[in-house]
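Coming up are structure 1 and structure 2: the same protein chain in two forms, each one given alone as structure tokens.
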Structure 1
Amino acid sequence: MTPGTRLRIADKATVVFCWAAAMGTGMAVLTVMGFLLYRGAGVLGPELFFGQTHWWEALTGARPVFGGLWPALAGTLLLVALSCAMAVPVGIAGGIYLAEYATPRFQGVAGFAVDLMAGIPSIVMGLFGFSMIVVLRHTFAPQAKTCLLLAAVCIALLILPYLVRTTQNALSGLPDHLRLLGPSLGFSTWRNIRHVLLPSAGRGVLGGVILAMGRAAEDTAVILLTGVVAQAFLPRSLWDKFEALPFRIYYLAAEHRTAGELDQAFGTALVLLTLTGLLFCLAFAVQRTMEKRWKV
């Protein structure tokens, strides 16, 4: 067999392997979605969301919802909004600094710290938040307790490394001619970043934001130790305990007493997947809008 023949066989084998991997991933997703639809589609309806409470009274908080997942849905949305509001600006700013301002030596040290932080298991982050409350209760805040704000802070710390790395990689991967475009027009460093580099790297930066939103919506281990409970109704403030969809799925799957309650867990999983998909679509729409605006 000639070297050229071996190379052609290796190329074809690589293509076949890549196609098989892509098809396997698609089949796995379709299988999971099909199973969830089979088990959970039958319970989807107003009763799954609001229990026996009228939908308007549930949405406005006039009456508590027993047995419905509306408080968990609202708690998940609040958790994602709060954690992203804290992490996204800091993460993007950190990525810009590492890519455009930091010295190579500092990039290496800070990059190692970011990678180390990204590898922290979420349960450890939850323990960190719980330990913070224990310390506060024994020092200058005896009334401190686990709550929605603490869970959002811990989730923000969990997704922060992804935002820093994706922003840094998106900016570092830009070609040199784009980096020289701003200085050739007399732009300052910040104006070059603001008007040239960030628009060019927008897809990568916003891709990191989308991934961060998905991680914030689905993580269970962190909130398990920082404020989520099985029955808390709608949170009235940042200091209240709250419900969340991932924990409701875990609770129903682990503590169900009837087949109907287990089906509710599958229905809740479908709602969580739908919510995550809607957040992705929203972030994608924002990404397209910002790209068009930057191009103008």
Structure 2
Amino acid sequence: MTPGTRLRIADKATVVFCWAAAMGTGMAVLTVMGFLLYRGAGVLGPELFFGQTHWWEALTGARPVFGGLWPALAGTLLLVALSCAMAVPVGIAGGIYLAEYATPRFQGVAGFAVDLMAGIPSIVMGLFGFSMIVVLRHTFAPQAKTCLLLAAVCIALLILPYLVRTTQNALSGLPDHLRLLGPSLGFSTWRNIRHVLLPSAGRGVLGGVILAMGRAAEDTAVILLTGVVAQAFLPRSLWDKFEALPFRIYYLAAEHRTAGELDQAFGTALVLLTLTGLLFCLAFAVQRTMEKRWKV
């Protein structure tokens, strides 16, 4: 074999390998989604969400829903709303501080802590929440049990580092001429942030928030240890146990008794996939307009 042919063969192999890797990945993702659509699309309908209960009575909580995923959907939405209410203000404020005020030294330390937190496995975060309850029980609240509020706190801790990072990156990614605009007009640091930098980076920050919502909606390991149960109906207070979409899928996958329940699981998986997919597309659209604006 001449070196020339060997080179040609190696080149061919490289091309084939790269194409195969990309196509294979695409096929795998399409298979996952196609399979869910194929099995789940048939059960989509009011009965999937509300079982035999009338939708209005279900929505208002007048009657409990048996065999529908409305309580799980409501639990997930509540969880996302609660955890975001806690994490978003802190995360964005922390990100602004890191990008605009912090000394390089503090940036280094905080950066390490934030990266570390981003890497904490969600089950460890759940374990942290669970041990909080154990500690509380042994000290001044013997009644303490795992609940919606605890799960929301743990999820808030889980998404906090993403919020800090995306805010920080969005701000420090702004072009220099924009950064100098405020000071040149005599703005103080905060006024510059408030009136020039934040409005410009806003879409990047917003995109990060939406992605964090998706993360809060999909996580299963945290809530597994902090208060999710298979049958809870709508939570009446923050101290109640609750249902959630990802846990419902996990539970039904292992514990389904009838073919109908399995169909329910496929429907639930399709609903969750649609929910996270929508959030993803929204974040993508938002961030893309920001990139286009500042690219030139």
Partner chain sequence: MLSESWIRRALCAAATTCVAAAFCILLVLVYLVLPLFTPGGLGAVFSWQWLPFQGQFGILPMVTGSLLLSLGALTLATPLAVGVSCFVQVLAPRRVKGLCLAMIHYMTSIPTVIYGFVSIFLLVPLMREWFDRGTGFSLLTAMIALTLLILPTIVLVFHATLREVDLTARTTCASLGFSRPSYIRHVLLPLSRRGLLAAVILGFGRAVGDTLISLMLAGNAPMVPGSPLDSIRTLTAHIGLVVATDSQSTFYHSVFASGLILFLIMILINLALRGLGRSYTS
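We call the rigid core whatever largest set of C-alpha positions still superposes within 1.5 Å between the two forms. For numbering, take structure 1's sequence and count from 1. Computed from a predicted structure; not experimentally measured.
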Which structure would you label as the form predicted alone, 1 or 2?
1
Taking the rigid core as the superposition reference, indicate whether the CA of Val32 shifts 2 angstroms or more between the two structures.
yes
Any CA movement of 2 Å or more for Ala259 between the two structures, core superposed?
yes
Upon rigid core superposition, what is the positional shift of the Cα of Thr274 between the two structures, expressed in Å to one decimal?
2.5
